[in-house]
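To begin, one chain is listed below as structure tokens, in the form predicted on its own.
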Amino acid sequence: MLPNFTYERPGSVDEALEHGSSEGAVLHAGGTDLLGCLRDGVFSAKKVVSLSGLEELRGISPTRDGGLRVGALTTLTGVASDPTIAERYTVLAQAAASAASPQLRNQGTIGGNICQRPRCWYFRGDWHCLRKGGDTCYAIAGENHFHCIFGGSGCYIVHPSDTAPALQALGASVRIASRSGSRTVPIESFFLLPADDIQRENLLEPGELVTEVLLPPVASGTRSVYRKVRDRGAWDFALAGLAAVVTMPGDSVETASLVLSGVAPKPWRAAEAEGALTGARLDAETIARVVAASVAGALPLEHNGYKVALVRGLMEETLRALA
């Protein structure tokens, strides 16, 4: 059952920020995650501030530098079906299309997708875990089949977003508004590990709002893809995923960005694998080196060691497709 709260539907970003700065306020975009969290008692709210009336936060438009602006309230369906994104930012279109179900993609927004809370069943359940202010991560000795193999430090969640790793691989930024002004942050710096803050997944402060996502221009010779392994073919989160963006103006890879999903508390950059790929020909020998480097530093828990093999398989399959 949903708790009691007041409901506000502001008509401007400034008004939304004013309401969102009050104690106990939460922002409501598509609501596909927020309302479930409130219903299940993951957190509470004194006030729900709906953003549905803020048309300036919707839509996709070109920027002066040749990139794209994607409003934070643009639906995942809108992102996946946009012809410019599909052609130039293919990895993002594929990631958005792979999220959830058609009904949820029609309602869920790109801003909400990157800001959603963890799907760990201990966090979502009745356990007072570390992320909710307790003193225990129950996943360590519990059911940890779906938890992280990279970046865990006391808390072993995985970040649930599909669009976030694609945006990071593309070098996107997010614009954040507050009552004191706005700032633009590279999306790679937007997310936090448990070692940074055990109770937050991103650097948003109370009263701040993501207003848009900024995509940089695409270099000539860029190829990109998002691949995702899940239990079911639809309406499921990634057991492991890979957003890959490479530029190949000739026979060799000039730049490479390889970002994993479903295996870490934030989108996980496979830096060693990128290093093994950059400057090399995309042949069988290179792919073998990149595959081996892609799992460097993995520390699986008792029940999720299979994710190491998934990452290796995803990396090999993806690079062969890009070649």
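What you see is a predicted model, and the numbers here were worked out from it, not measured in a lab. Don't overthink the numbering: it's just position in the shown sequence, from 1.
If you look for the form predicted in complex with a small molecule, you will not find it shown, but the lines that follow are about it.
The contact residue chosen from A256, A264, A270, L51 relative to the small molecule in the model of the complex is L51, the criterion being a non-hydrogen atom within 4.5 angstroms. For the options F150, F237, F146, F123, the one in contact with the small molecule in the model of the complex, meaning a heavy atom within 4.5 Å, is F237. Exactly one of the stretches 243 to 251, 216 to 224, 101 to 109, 126 to 134 approaches the small molecule in the model of the complex with heavy atoms within 4.5 Å, and it is 101 to 109.
In the model of the complex, the small molecule sits within 4.5 Å of a heavy atom of A29. Using a 4.5 angstroms limit between non-hydrogen atoms, E274 is distant from the small molecule in the model of the complex. Contact check for L34: a non-hydrogen atom falls within 4.5 Å of the small molecule in the model of the complex. The shortest heavy atom separation between V229 and the small molecule in the model of the complex exceeds 4.5 Å.
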